[in-house]
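Single chain ahead, by itself, as structure tokens, in the form predicted alone.
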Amino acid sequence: MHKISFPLMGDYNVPIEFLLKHAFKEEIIMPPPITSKTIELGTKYSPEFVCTPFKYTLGTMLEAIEKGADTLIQMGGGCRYGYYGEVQDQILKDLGYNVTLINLVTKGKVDIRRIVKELKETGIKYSKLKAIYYGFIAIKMVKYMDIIDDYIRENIGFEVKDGSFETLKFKMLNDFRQVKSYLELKKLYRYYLKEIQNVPIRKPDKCLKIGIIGELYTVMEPFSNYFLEKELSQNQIEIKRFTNVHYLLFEKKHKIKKYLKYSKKYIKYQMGADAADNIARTKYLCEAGYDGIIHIKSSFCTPEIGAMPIINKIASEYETPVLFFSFDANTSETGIKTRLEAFYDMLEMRKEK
């Protein structure tokens, strides 16, 4: 029996594990939560100037192998990260690990025929019908998670009782893991959405509002951005974030043309990953009256490096403060908090004026 595992990113391990357990007739091994050990392992065996998501996912793979995994499922991206599966596979082989790495996305596209062929070659047993049915449920689960996360993100800083949102979300994810059908999932979603919307909040009419943009992995994996959103919410700030898995899988392809048209004054072409999206989002946040923008990325993220001067130009034209963060294995948590505190103070002073 094969032992299958995959890299982690935010809470999306829930729908991924759900799909794999129902579709595959193999053992599914959950990697341990991401810690400082994960990034240390990934950094140790990665090329020096590779982007941080490469290091995080490689570190997660190594920890999964330590738990017994012999088959790893990887998902590329819309930038050079889309080509990293082959590099990671070679690194694991050079380290002496006899594992199979199946990359779901290559060159920014999902090739079902290639994936099916690789599954046959490795002898992995799965059910096509179950893969289709539970894949549909997993996709809906992602959508429901993202909708609820958006609401929590905007309101968690104003909850009357600390931990109310997180407690409900923890229960929701545990219940999502146990669903047997789409109707059961939909019923749970409606129940938890209502419960979360009924959480008492004390939100002023003119609270500080900050938009978060940047490189997709660093935006969506809390550990890689040093739990930036949680830090912001503790200062009673309404948070707006655009990038999530549902957007990347089902909305980005249709919205990118609108984004390019909307921001044609600043950009004419796609720049890879979420760079063009973030330029348009900067303009939107400025026009929507947000008090500030925080742009986050991993070190050596080429598309976002190219986008940063344009983002800075737009923010300057609209007189909207923007704070740039670049994260890697050596980023100082104290330095992050110090810069954030200075940013809050400046935004509050502007708001008072």
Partner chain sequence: MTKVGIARGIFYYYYGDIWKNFFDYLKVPYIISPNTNKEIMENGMKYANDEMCLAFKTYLGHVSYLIDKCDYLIIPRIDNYKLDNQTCTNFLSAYDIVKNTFDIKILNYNIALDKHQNLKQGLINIGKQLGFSKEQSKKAYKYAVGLYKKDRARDITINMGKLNSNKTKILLLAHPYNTYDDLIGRDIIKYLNANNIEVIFSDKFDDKITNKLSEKITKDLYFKYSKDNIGALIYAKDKIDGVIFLSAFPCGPDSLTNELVMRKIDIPHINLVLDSNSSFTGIETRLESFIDMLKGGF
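For clarity, every value in this text was computed on a predicted model and none was experimentally measured. Positions refer to the first chain, counted from 1.
Beyond what is shown, the protein has a form predicted together with its partner chain; the following relates to that form.
Put simply, P303 is close to its partner chain in the predicted bound form: some heavy atom of it is within 4.5 Å.
A residue is said to contact a partner when one of its heavy atoms sits within 4.5 Å of a partner heavy atom; E195 fails this definition for its partner chain in the predicted bound form, lying far away. The closest non-hydrogen atom of S326 lies within 4.5 Å of its partner chain in the predicted bound form. Interface membership of D94, defined by any non-hydrogen atom within 4.5 Å of its partner chain in the predicted bound form, is confirmed. Here is the short version: of N103, N155, T100, N244, the single residue with a heavy atom within 4.5 Å of its partner chain in the predicted bound form is N103.
This chain is displayed alone, yet in the predicted bound form one of F165, Y144, Y266, F176 has a heavy atom within 4.5 Å of its partner chain; that residue is Y266. Considering its partner chain in the predicted bound form, the lone stretch of 25-33, 64-72, 283-291, 40-48 in range is 40-48 [heavy atom distance within 4.5 Å].
Of all the residues from 303-322, those having a non-hydrogen atom no more than 4.5 Å from its partner chain in the predicted bound form are P303, I305, G306, M308, P309, I310, K313.
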